[in-house]
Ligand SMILES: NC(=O)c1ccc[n+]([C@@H]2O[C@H](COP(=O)([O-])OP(=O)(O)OC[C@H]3O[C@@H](n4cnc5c(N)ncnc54)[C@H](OP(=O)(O)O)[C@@H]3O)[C@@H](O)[C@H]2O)c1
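This document starts with one chain, in the form predicted alone, laid out as structure tokens.
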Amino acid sequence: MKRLFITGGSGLLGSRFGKFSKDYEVISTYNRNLEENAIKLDITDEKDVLDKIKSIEPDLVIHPAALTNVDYCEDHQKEADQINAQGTLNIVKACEEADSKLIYVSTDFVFDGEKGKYQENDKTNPISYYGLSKLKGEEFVINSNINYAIARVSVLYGWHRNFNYVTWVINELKENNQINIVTDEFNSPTYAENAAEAILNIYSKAKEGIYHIAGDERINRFDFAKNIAQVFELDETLINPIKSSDLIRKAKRPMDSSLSVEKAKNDLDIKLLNTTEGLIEMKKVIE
């Protein structure tokens, strides 16, 4: 049985790989948020990373652990570098020592948002420090001598103890709170379970290089929120349209960082879900 080593196992995406334990031996890790049946790992500690990965010798390391708060990264650039860039370099070095394949989870924020429907070979140009720190991680992976793939995701959502965009919208609407959502920022929201399955298909099909593992849709935040309200039968009149210029935020956001997933659909034999399909799957979990 192939052995998988998951960083960030307490996170939204990292926690999804445990469901595949019938097919793989899954070793999950956490840092600050204690996770049952997982081992503690600090990806910024090179020795800790090297010792644990070398002792386990996984066939595959999946690396979604990251500092993802975009505004926080803008104000704490050194910390963003330590986790997203240097932490990834530590993982790369350990994979070299253990002869493990690496799948690094990156982001649509490596693009500037001027174009949209980005393909894997489009020019990167991050406009936030979060995006830059994740791009540095990509470069460490690409410039290594390991067998690797990079999976870029966009607005991950699903049930989790920490809020994400979808669970936040659901919670606010259930409380009958008015919410203001931008109409001019476009992404390709990604259902976490769908992304986990696609990432494992990269491995099982022995694929390499960059893949956009995202929802099969370009949608703005406002229409996404309306879809959430409709699927979960909540009051969509509570959702108010605004422009991104109405918000005061530390970091710039790409206006259209939507991703083309044609390569992934062709190579990985998987259906990547649009937001309505993903939300329906998500709703099934609580029904």
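Since we're looking at a predicted model, the values are computed, not measured. Quick note: we count residues from 1 along the sequence shown, nothing fancier.
As for the form predicted together with the named molecule, it is not shown, yet the points below apply to it.
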Is the named molecule close enough to Ala196, His212 and Leu273 in the predicted complex that each of the three has a heavy atom within 4.5 Å of it?
-> no
Would you mind picking out the stretch of 151-159, 172-180, 114-122, 137-145 that comes within 4.5 angstroms of the named molecule in the predicted complex, counting non-hydrogen atoms?
-> 151-159
Are any of the heavy atoms in Asp42 no more than 4.5 Å from a heavy atom of the named molecule in the predicted complex?
-> yes
Could you confirm whether Ala65 comes within 4.5 Å of the named molecule in the predicted complex, counting heavy atoms only?
-> yes
So in the predicted complex, does Ser244 come within 4.5 Å of the named molecule, heavy atom to heavy atom?
-> no
Answer with yes or no whether Ile127 is in contact with the named molecule in the predicted complex, where contact means some heavy atom within 4.5 Å.
-> no
Leu200, Ala98, Ile83, Leu132: which sits within 4.5 Å of the named molecule in the predicted complex by any heavy atom?
-> Ile83
Interface residues of 90-108 toward the named molecule, as seen in the predicted complex [heavy atoms, 4.5 Å] = Val105, Ser106, Thr107, Asp108
